[in-house]
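Coming up is one lone chain in structure tokens, specifically the form predicted alone.
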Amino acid sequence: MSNYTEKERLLRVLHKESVDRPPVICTGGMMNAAIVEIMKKTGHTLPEAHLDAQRMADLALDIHEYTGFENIGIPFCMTVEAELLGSPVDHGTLECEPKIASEIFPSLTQVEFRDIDQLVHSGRINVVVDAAHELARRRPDVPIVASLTGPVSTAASIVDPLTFYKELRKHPADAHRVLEYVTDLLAAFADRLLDGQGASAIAIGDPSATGELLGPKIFEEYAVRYINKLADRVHAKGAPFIVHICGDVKRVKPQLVSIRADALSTDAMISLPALKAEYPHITTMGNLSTFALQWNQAEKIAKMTRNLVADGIDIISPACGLSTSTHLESIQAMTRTVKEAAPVPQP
């Protein structure tokens, strides 16, 4: 029987300290577990919980209680930052997550720069920050993981995406100005989440920063540079930093491993044991297929989870964003299997 709290176990892994078994988590943001089944059971629902701190906290606690994930993850979308920066957002429904209705700027050259200090104390940032502090007060034994949208994805949410990707190459000076701007906002957001008794860790999902879309050179110039700037800010606050990169990372592996993350999460297509063998210093996280979680039976989920544990993956987690129609039984099969795993031999 372990004496670790859920918070202690996750933080020990992120600090590269020994534990009895891997934690099993779902970070929030693009990787949240606000499934319809839980919301119908509890009456704490979306879209209302996107807009109210108390409702966000209540739903996050429901998710923790019902799923068995060993963290509390907020928010439940990837639109907080883009909405604040001017892109109109459809807040969705019980079944559908919020979406960017349209990007506010047609080009990187036309982005309007506003005062970061004012932005970071406005809009739904206040909701997420207040929810984080409320959750930390109510459950000090559970890690609160606050998930932000990555720098490239935030920029691509305020500039027309097709134009955005072209202009990373055609207008690098403008691209860097915009990436500096959004990263400064994300860093200020992280500061607010971490100040006082708030978030335990910061996670980012940056789905627009895949190696398939950017290629090695552009990935290093924009994704790695600005993720690391944010990582350094989070580390300066004494907190760990988790990064999820979508898609096939094979083309950008040398660049990927220079990201200053305390854990690296990947899509299901990536062999985490192979990545771990090639780069032993990486703390691996993932990567149970969310397609499998949505459609496979609990027995199959348990088997896939046991394989991840046996492979020595450091943190067990869904490989990407869960469908809102995912069955609770599938998630519980995943979390229960990790908790029933044999203890890891201690050095």
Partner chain sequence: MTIQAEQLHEQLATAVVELDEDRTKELAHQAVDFGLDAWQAVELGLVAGMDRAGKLFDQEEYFIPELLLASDAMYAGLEILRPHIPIDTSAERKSKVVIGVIEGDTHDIGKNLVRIMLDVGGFEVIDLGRDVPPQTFVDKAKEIDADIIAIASLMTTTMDGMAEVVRILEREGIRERVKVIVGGAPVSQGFATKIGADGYASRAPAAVVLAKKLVSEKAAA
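Remember, predicted model here, so these are calculated numbers, not experimental data. Numbering follows the first chain given and starts at 1.
The same protein has a further form, the form predicted together with its partner chain, not shown here; the description that follows concerns it.
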- Message: Considering non-hydrogen atoms and a 4.5 Å limit, does its partner chain approach Ala173 in the predicted bound form?
- Response: no
- Query: Is Gln294 a contact residue for its partner chain in the predicted bound form, using a 4.5 Å heavy atom cut-off?
  - Reply: yes
- Query: Does Val257 reach its partner chain in the predicted bound form, with heavy atoms at most 4.5 Å apart?
  - Reply: no
- Message: Given that its partner chain is not shown alongside this chain, does Cys96 nevertheless sit within 4.5 Å of it in the predicted bound form, heavy atom to heavy atom?
- Response: yes
- Query: its partner chain isn't shown here, but in the predicted bound form, which of 19-27, 319-327, 5-13, 332-340 has heavy atoms within 4.5 Å of it?
  - Reply: 319-327
- Message: Which residue, Pro140, Gly215, Pro273, Gly196, is the contact with its partner chain in the predicted bound form, using a 4.5 Å heavy atom cutoff?
- Response: Gly215
- Query: Of these, Glu103, Asp191, Asp130, Glu83, which has a heavy atom no more than 4.5 Å from its partner chain in the predicted bound form?
  - Reply: Glu103
- Item | Output flag, Gly123, Arg177 and Tyr181 jointly within 4.5 Å of its partner chain in the predicted bound form, heavy atom basis | no
- Note on the structure: Taking its partner chain in the predicted bound form and a 4.5 Å non-hydrogen atom cutoff, the residues of 159-193 making contact are Pro161, Leu162, Tyr165, Lys166, Arg169, Lys170
